[in-house]
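Just one chain is shown here, as structure tokens, and it is the form predicted on its own.
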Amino acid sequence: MVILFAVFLLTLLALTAVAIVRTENLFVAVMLTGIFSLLMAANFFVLDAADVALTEAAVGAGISTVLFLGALALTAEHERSVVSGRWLSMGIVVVTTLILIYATFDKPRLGDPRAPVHQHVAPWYLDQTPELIGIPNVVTAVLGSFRGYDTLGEVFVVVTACIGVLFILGVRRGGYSPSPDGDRLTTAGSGLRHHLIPKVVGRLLIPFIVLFGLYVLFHGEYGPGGGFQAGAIIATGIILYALLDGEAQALKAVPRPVLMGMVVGGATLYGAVGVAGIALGGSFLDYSVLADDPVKGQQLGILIIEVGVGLAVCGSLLSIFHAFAARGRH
């Protein structure tokens, strides 16, 4: 039954991909792209990869969709017809597809206990997480504690990427200044105000999107989620608010200085937890010394660093969005 449902999802993925390529209406293409990401998230969930599914739903169907809508607000709604190079593109797609299909022949079977991934460190993580950390979500334990250095590096990669994008887009000191034509994201004929369904549904869902992001952040120890997913989800809600009511209103709710404080403060908070471990007689990012009970210390440390990750990711995504929107229509 699971195999049949997976085949059904793959069929829908193929049909959605063809529809994305064939449509000339960019708004329809963006909506179909969000549907494609949701189908991918459902496929990951069928494969028992709940954390990956949530990440795909938050980033692929969530933040990517609203960023595409923001780009669409600054450009035309219909794609220009391009006929040159079509056969070359088709040939590249066919060759890539054949290579991927050939590569799947050497993969282990789904759920095979003898697969290489199940013979390395995964059994140790499954055995030791309840005793050393005491949380049911092993993925959170691995990312937040066992591989804490790696996750800290990923946070600084996000912050560095944010700084690089802001430099590339040439953000001026002083923040947002409206254009002479008004708010670029919501002027007549642009933005989402002339799309009734996204406008009504979006305003209804924004509070629930932010609330769900907070739930994902503080429930990551017990279910799928964590700081990365939560930051992307909350940023999605705020960006959607900017698309519906204007960038100026979104910046009034969360000003630029607050965004930069989130970016820097989130990464600093993560690093401060590591320094606190050293100050209390442990190692860098050793959460066991944060409380009298080592297990409680691990749980406290993971919760704090997840907050830091969420702040850094949310602030970075929102800063990039506002920097991109401030460039105006070209």
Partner chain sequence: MELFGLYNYWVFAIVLMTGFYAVIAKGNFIKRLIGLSIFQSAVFLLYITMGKVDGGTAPIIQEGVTDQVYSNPLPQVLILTAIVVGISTLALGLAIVVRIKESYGTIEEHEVQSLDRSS
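Residue numbers count along the first chain shown, from 1. Rigid core (definition): largest C-alpha set, two forms, superposition within 1.5 Å. Not measured: the values here are computed from a predicted model.
The discussion below concerns the form predicted together with its partner chain, not included here.
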Assert contact residue (its partner chain, in the predicted complex, non-hydrogen atom within 4.5 Å, options 260, 206, 74, 132) equals 74
Residue within 4.5 Å of its partner chain in the predicted complex by heavy atom, from 253, 200, 211, 157, is 157
**Asked** Quick one: is residue 64 in contact with its partner chain in the predicted complex, heavy atoms, 4.5 Å cut-off?
**Response** yes
- prompt: Using 4.5 Å between non-hydrogen atoms, is residue 249 touching its partner chain in the predicted complex?
  reply: no
_in the predicted complex, is there a heavy atom of its partner chain that lies within 4.5 Å of any heavy atom of residue 228, even though the partner is absent here?_
yes
| Should residue 239 be counted as a contact of its partner chain in the predicted complex, where contact means heavy atoms within 4.5 Å? | no
Within 285-313, the residues having any heavy atom within 4.5 Å of its partner chain in the predicted complex are 313
**Request:** Spell out whether the Cα of residue 307 moves at least 2 Å between this form and the one not shown when the two forms are superposed on their rigid core.
**Result:** no
Query raised in the report: Quick one: once the rigid core is lined up, does residue 266 have its C-alpha move by 2 Å or more between this form and the one not shown?
Result: no
My question is whether residue 28 is one of the residues whose C-alpha shifts by 2 Å or more between this form and the one not shown, given a fit on the rigid core.
yes
Shown form as baseline, in the predicted complex, CA residue 70-residue 210 shift of 3 Å or more puts them farther
